[in-house]
Structures are given as C-alpha cells and as structure tokens.
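Next up: just one chain, as structure tokens, the form predicted on its own.
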Amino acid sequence: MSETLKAVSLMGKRKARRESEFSAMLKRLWGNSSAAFGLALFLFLVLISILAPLIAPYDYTEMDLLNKFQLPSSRHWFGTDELGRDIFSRILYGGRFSLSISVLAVGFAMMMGLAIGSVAGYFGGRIDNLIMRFLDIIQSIPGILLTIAISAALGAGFDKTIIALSISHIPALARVLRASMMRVRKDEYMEAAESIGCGKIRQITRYLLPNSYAPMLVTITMMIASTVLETAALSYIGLGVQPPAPEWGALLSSAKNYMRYYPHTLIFPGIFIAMTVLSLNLFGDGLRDALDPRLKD
C-alpha cells in the first residue's frame, strides 16, 4: 500500500513539474521577438486565406482578356495574369490550397509518426529493430523524389497530394519521437506507473507522450515550412493541385513563360511562399530555443 501511495505521489510531482516547465517554456517563447513575429505573420497569412471570399476584390476565376498582364495598380493591386485574372485574388485563394495541404500532410504524418514512434520507443527490442529497418528503407530514398514518385503513381489532386507529401515525412517524425521516448521510459515515474498496474496504452498516452512530444513540435513546425515548398514544387511540375485552382506553385508555373516581360506575375506568388517559410522557420527557431533544456532556470 505504501508503495502504491509513493508511486502516486511521484507521478503527481512529475505532473506538477511538467506544468511549471510548460509555463516557463511559454514565457521564454513569448519573450522571443523573432518567434512572436514569425507566429504572428503565419497566423496573418492563415487568416487572410480563410477570409479570402471577403477580402478578394474579384473571383479568382474571373477573366478579363482586355486587361491581361496589367501592372500593379489601385484596381489590381498585384496586377493581372495572362488571362486577365486578378493576381491578388488568386494569391489569397491560393493560400487556402497551399497552407491547408501543408498542414494536413504534416498532420497525417504526425499521427502515423506518433503511432509508429510510440510502439518502437516503448517496446524496443525486435519490434523496434523491425520498425527502424523499415523506416531506413523509406528514408534511403530522397524525400522529394519519393514524393514525386508517389504523386505520379496516385495522380494529381488535392487529397492525393496530401498523401504523397505525408508519406515521406513519417520516418523523420517517428524517429524523433522514438528517440525521445527511449530517454523517458526508464525514468522513475514510469516504473511507478508500472508498479500500480497501468496498462501499456495508458503508460504511453498518459505518461510517455506528454513528456516526449517537445522535440517533435519543433520538427513539425519546420516540416510545415518545407512542405509548403514541396507543395509548390509539385504544382510547378504539374503533379499537385491542377488549374484552375490557384495554388501558389501553380501560379509560379503559369507565370514562368512570361517572367522576362511581366515579372510581377512571378514575384508576388514567390513573395507569399517566402513569407510563409520565413514565418515558420522563425517560430520554429524560437520554439526550439524555448524547449532547449540548457535554457531552463
């Protein structure tokens, strides 16, 4: 009985310490001006994409052949493309495709990575060895090459692009979580959880994951940024979201033939891609610093 009470007390102390560490991490994160700016910029891009129907002055499919290749003006803030479509409106709507594909692809990869990494990190032994060798096979193929191959096999489309992008990211997330869980699983509170009869699933979800997710958060943040570029790359070569959907990579692809004489058709979509990647990298760097154990008081 005393051993059980001691185990419960130990887990309670660990939970309180984790909450205090989380509060300290948030304080360090918001104290980092670069991270705060990056998060604010990313949320701004997400917000204007969500509100595109209210903000966009034109329908993104509306053509005006008499006003094609118009330079930026008060009527068309970012000018018009080869079909007279308003580039500003198309970029706003394009953010819905680029950002949602990137977030959903990383989200799906995260769920698969959580499941695979948790099993490998908790059980170890032969199960861990089998899983790791399988992930080695996947990671032996360059990520963008694997994505292109899967996308070409599945075909173009919104859902197929998400699947193609997510598969190449699963091994990295699974490995990060596995490494973190293997450090945590030998702590005293895990022995305490086992001593009071906690089941394996409860041990993983209740105690291991809450104390192992931090490195994975940083990886996810950086991964969304790289996935935005990969999404644009797939659309650029014709394997991602197809016209007339105004995905940012598709906008770059349609503008490449006119960049010499009408560079504005290429510059503005490129700026929004760069802003998205920059914002996530700034936030990811700040999050990594906030979670760095060496910075803890």
Partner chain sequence: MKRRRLLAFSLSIFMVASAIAGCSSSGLAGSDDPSPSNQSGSVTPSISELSNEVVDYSKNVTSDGKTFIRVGISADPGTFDPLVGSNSTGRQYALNPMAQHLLTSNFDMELFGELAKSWDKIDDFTYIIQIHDNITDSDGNHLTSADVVWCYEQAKESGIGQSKNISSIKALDDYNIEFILDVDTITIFQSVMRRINIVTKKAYEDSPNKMATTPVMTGPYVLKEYIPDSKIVVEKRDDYWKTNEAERCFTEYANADIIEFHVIKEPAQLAIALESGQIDMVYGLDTMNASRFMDGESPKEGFNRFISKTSSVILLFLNCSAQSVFKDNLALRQAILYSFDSQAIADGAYSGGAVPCKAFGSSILPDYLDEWESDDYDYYNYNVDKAKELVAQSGYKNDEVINIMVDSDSQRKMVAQILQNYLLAIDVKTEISSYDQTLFDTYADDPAKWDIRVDSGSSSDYLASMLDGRFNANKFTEGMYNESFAQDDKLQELVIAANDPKSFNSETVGALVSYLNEQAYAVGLVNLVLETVTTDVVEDIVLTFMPNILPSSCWFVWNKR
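Positions refer to the first chain, counted from 1. Computed from a prediction, not measured in an experiment: that's the story for all the values here.
What comes next is about the form predicted in complex with its partner chain, which is not displayed.
- Contact with its partner chain in the predicted complex holds for none of L41, P57 and H264, as no heavy atom of theirs lies within 4.5 Å.
- Although the partner is absent here, P244 sits close enough that one of its heavy atoms falls within 4.5 Å of its partner chain in the predicted complex.
- Within 4.5 Å of some heavy atom of its partner chain in the predicted complex lies at least one heavy atom of L65.
- Using a 4.5 angstroms threshold between heavy atoms, Q70 stays clear of its partner chain in the predicted complex.
- When its partner chain is considered in the predicted complex, Y258 lines it closely, a heavy atom lying within 4.5 Å.
- The contact residue chosen from L83, A115, V103, V184 relative to its partner chain in the predicted complex is L83, the criterion being a non-hydrogen atom within 4.5 angstroms.
- Look at 75-83, 91-99, 119-127, 105-113: in the predicted complex, residues with non-hydrogen atoms within 4.5 angstroms of its partner chain sit in 75-83.
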